[in-house]
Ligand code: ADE
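As structure tokens, one chain now follows by itself in the form predicted alone.
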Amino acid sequence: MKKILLASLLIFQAQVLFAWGQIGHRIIGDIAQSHLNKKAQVAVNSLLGHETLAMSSTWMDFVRADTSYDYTHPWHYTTIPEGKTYEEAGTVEEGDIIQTINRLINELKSGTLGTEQKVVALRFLVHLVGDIHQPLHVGGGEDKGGNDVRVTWFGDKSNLHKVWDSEIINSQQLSYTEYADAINHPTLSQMRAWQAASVLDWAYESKDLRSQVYTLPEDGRLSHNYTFNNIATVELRLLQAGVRLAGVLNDIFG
């Protein structure tokens, strides 16, 4: 079972795109920054200096160019096929996004990491909390997280994963700060409920959204209608990720 899963992961990692794209990740980081408590803000600033959570959020994708970080590729996603639980699906020894987020949280809480290790762990964590909220990073194991689903986006060749990573967000023609300001209005009850959910809950939320994501026209031509039907979900997942990231960092540092 582990060999089969490993083979699937290796194929997936070769073609997986950068989840949410730079704008999406930075929206999440910007939202999270605004919800940090004072102690967490001081701790984050002491580690990142002038680097904001928004700017650190894309670092894990940036270092893909360095082969010494190849071991992190499976951390960006998990596979939960339809009809199976996460436990039934199994994981590989390299770890997946759920295991890695939980591990990073525990390591940052432990106080055993050196300063440079904390910085790297924090950058990883900021990125992966974003990734797990993109529905196609909790894949069904059949099409490499939507990368094999060929579509056109307003007439240009694309794939379903890319549409959810960046095409829908970029089509709004907003900077990441403008977009964060536009959607960063959670209620107190929403924040409490979202931050009370577990990392596994986040993954199941993404899994449950796959049926919506895969509701496609037969000709695969995506444009205004697909955006209209999904933009609210995209923005909800961005907001939930930002609020939850702040909750995690407040718990770790605050």
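For every residue, the number given is its place in the sequence shown, counted from 1. Quick caveat: nothing in here was measured; it's all calculated off a predicted structure.
Below, we turn to the form predicted together with the named molecule, even though it does not appear here.
Undergrad: Give a yes or no on whether every one of Arg192, Gln240 and Arg244 sits within 4.5 angstroms of the named molecule in the predicted complex by heavy atom.
TA: The answer is no: none of the three residues contacts the partner (heavy atom, 4.5 Å cut-off).
Undergrad: Tell me which of 102 to 110, 173 to 181, 88 to 96, 133 to 141 has residues with heavy atoms within 4.5 angstroms of the named molecule in the predicted complex?
TA: This holds for exactly one stretch, 133 to 141.
Undergrad: Does any heavy atom of Asn159 come within 4.5 Å of a heavy atom of the named molecule in the predicted complex?
TA: So Asn159 does not count as contacting the named molecule.
Undergrad: Residue-level contact is defined here as any heavy atom of the residue lying within 4.5 Å of the named molecule in the predicted complex; does Asn147 satisfy this criterion?
TA: Answer yes; at least one heavy atom of Asn147 falls within 4.5 Å of the named molecule in the predicted complex.
Undergrad: Does the 4.5 Å heavy atom contact test between Trp164 and the named molecule in the predicted complex come out positive?
TA: Looking in the predicted complex, residue contacts with the named molecule do not include Trp164, since no heavy atom lies within 4.5 Å.
Undergrad: Counting only non-hydrogen atoms and a 4.5 angstroms cut-off, does Trp75 reach the named molecule in the predicted complex?
TA: Because no heavy atom of Trp75 falls inside 4.5 Å of the named molecule in the predicted complex, the answer is no.
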